[in-house]
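One chain comes next, on its own, written out as structure tokens in the form predicted alone.
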Amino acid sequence: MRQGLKPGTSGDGTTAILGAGALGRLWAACLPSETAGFVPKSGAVPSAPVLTYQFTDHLGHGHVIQRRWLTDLSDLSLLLVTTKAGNTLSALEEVVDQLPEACPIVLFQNGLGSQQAVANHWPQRPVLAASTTEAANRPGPDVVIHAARGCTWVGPLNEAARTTVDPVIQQLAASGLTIQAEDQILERLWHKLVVNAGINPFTALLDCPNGDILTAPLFLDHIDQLCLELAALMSAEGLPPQTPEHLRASIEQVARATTANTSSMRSDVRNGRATEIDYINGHVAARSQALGLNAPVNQMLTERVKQLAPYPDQKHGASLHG
């Protein structure tokens, strides 16, 4: 794992991370220790000045990670938001007034909907979105595993963010992870939504790793109609046209490439946490209805996954750092 750059070199600046789940802890572990820290929940006083956890990097090497709790946000140069999609707006509302107005906010949420809500809520602040294929999981409260290397694409969600893309990428590059600029970030987010919509709910409902869905009747009976619904909605949203066959091939390719992985949705269900189904298949169903389209498979999957989570609307504080 790269330890990062020294202060005063490229990538210098304080990066705060809002949301101390697997992805947030991955970024904290990879960014330079002297420039990265976590934002505590509003009103909470951390029991220790640092957050300590065990981190296994992608090579299998173990590290003890200690990162500061940042109680003064007035000099931040970057905020990474790695909360669950349903918690993002309320989590930001608690801290945004403490940030410098020019501080870029980078959103790492799955699915779609939460990013647009933030950009619309604070149009004068530089809001960016990130789409990442870095794989991290958290098998225990104080254990994070970097399961696989990937790439992170970052792009602007509003006009205020357009001039901040290069500085943000420069600062994130201190992590040693692969970062790329993406001007059409919404297209990138849609691509990831397609894959998540075609994998995550099936793994949650079947309680299986990604690769096992490919031979499961539930998947085989519904994947073609799901891809028809996705293709129709993407066209209606003005995105470059995609055939249902191409979307299915993309979903199956990722499922095969991550065959032993546990999706975040399956993990959430197993751990009794609220899932992000409303921002994945639920977003597809809601937007389809708004545009006069039908999405019965996405609606069915949304309803069935919600039945697995007894408290889908739990307060954000319960899982903000979970």
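The numbering used is simple: start at 1 and walk along the sequence shown. What you see is a predicted model; the values in this text were computed from it and never measured.
The discussion below concerns the form predicted together with pantoate (PAF), not included here.
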Counting non-hydrogen atoms within 4.5 angstroms of pantoate (PAF) in the model of the complex, say which of 115, 164, 175, 196 makes the cut. 196
Heavy atom within 4.5 Å of pantoate (PAF) in the model of the complex: which of 293, 286, 65, 254 fits that? Just give me the one. 254
Please identify, from 293-301, 28-36, 52-60, 259-267, the stretch that has a heavy atom within 4.5 Å of pantoate (PAF) in the model of the complex. 259-267
Taking 4.5 angstroms as the cut-off for heavy atoms, does residue 82 touch pantoate (PAF) in the model of the complex? no
Should residue 171 be counted as a contact of pantoate (PAF) in the model of the complex, where contact means heavy atoms within 4.5 Å? no
Whether residue 210 contacts pantoate (PAF) in the model of the complex should be assessed with a 4.5 Å heavy atom distance threshold; does it? yes
